[in-house]
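A single chain comes next, written as structure tokens; it is the form predicted alone.
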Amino acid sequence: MTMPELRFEVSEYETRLTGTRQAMQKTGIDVLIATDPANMAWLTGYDGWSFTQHQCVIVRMDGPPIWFGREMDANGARRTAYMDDSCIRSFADYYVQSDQCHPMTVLGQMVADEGWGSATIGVEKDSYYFTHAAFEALAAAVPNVTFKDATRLVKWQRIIKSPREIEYMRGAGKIVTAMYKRVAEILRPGAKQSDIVAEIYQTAIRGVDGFWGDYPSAVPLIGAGLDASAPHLTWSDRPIRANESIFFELAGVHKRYHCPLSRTFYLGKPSQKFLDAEKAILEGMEAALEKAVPGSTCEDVAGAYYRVIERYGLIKPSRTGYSIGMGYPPAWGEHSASFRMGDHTELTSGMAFHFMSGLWYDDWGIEITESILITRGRPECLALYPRKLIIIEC
């Protein structure tokens, strides 16, 4: 089998591995079992739609990582991960969705065979992809292991982006910019939501300027009219209406790296309520972006935004941003730092965030957001689409 076409140099994977091992040592973990597909990809390059079954990457204190998964997906690991064949392990298909046996028992036997039967092993307990049954089967197979929660250990290693990662995110920013340009071209009263989304997907996957579009970790989110009060609804075949708002939360994606962006459109003449909210959001975002510099904390950024919108009589009970980068379904957030009160994470050049300034109330909502890269000075906006309420005359 030919060598895989890696998205990063092997030296970059080795640097990531070194940092992960240092974090493991600090927390007293001998072996790490990473089940989050974004963590698996970040550590090894592995990329496949195989997270519907149990799989993981094992990080040991010496030697390259080990990929473990379904037998039919082993060739996917050989095609995308940087390790050689000796580091690809698998379980037979009769373990898949079986009431009699579980793949984690095979992993447990491998753990014992490697001499880790009495080790301290980190597992991602709060991962979407590591079930209660998986933990029970693994723990039963290696009863003398001490397990530690390592849900965010790798996620925190991912928070500062390398130059190549930033390149991919800038490409994703170009894609999401093109997506919104297409929305503005076709968004008119009478157009069906499903038709608008079809155009969004076509633009997203075609890509732009040599950056091809990967699939997003979350589908396009749409809030039209009263549905704008709920931030996580999807589309229907309902026609777009005049004198109504509609927001989109979309992400451009390139090689699994995401650039989310939200904009609100108004078809007709917006009410004063929307104009006042737009003014508050934009002023608040400007104040927050001034704080989004190295040395500030996530709380500093959040506080700057909250203070401004509160002067306008608006309240946002949710966080106002979160770390972004590589992502797999069902979410593109990294699950590490957040722009919210109490998060004292210090900002460093190379961090990237979705500044989520959205506001949702009982019968309306508005979203105008930015994906930003922390730099030595003012943060860089990864997408370039007008930051305002987009008014479409009709």
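Each residue number is its position in the shown sequence, starting from 1. Only a predicted model underlies this, so the values are computations on that prediction, with no experimental measurement involved.
The same protein has a further form, the form predicted together with a further copy of the same chain, not shown here; the description that follows concerns it.
Looking at 205, 119, 112, 275 here, can you tell me which has any non-hydrogen atom within 4.5 angstroms of a further copy of the same chain in the predicted bound form? Contact with a further copy of the same chain in the predicted bound form is made by 205 alone.
Using a 4.5 Å cut on heavy atoms, which of 89, 279, 79, 170 is close to a further copy of the same chain in the predicted bound form? Of the listed residues, the single hit is 79.
At 4.5 Å between heavy atoms, is residue 164 in contact with a further copy of the same chain in the predicted bound form? No - in the predicted bound form, heavy atoms of residue 164 and a further copy of the same chain never come within 4.5 Å of each other.
Flag residue 287 as yes or no: does it have a non-hydrogen atom within 4.5 angstroms of any non-hydrogen atom of a further copy of the same chain in the predicted bound form? No, no contact at 4.5 Å.
Decide whether residue 238 counts as a contact residue for a further copy of the same chain in the predicted bound form under a heavy atom distance cut-off of 4.5 Å. Yes, residue 238 lies within 4.5 Å of a further copy of the same chain in the predicted bound form.
Residue 262 within 4.5 Å of a further copy of the same chain in the predicted bound form, heavy atoms: No, residue 262 sits far enough from a further copy of the same chain in the predicted bound form that none of its heavy atoms falls within 4.5 Å.
Indicate whether the candidate residues 130, 195 and 318 are all in contact with a further copy of the same chain in the predicted bound form, with contact defined as any heavy atom within 4.5 Å. Each of the three qualifies.
Contact segment among 171 to 179, 294 to 302, 318 to 326, 263 to 271, judged by heavy atoms lying within 4.5 Å of a further copy of the same chain in the predicted bound form: Result of the contact check: 318 to 326.
Heavy atom contacts to a further copy of the same chain in the predicted bound form at 4.5 Å, residues of 192 to 219 in sequence order: Contacting residues: 194, 195, 197, 198, 199, 201, 202, 205, 206, 210, 212, 213, 214, 215, 217, 218, 219.
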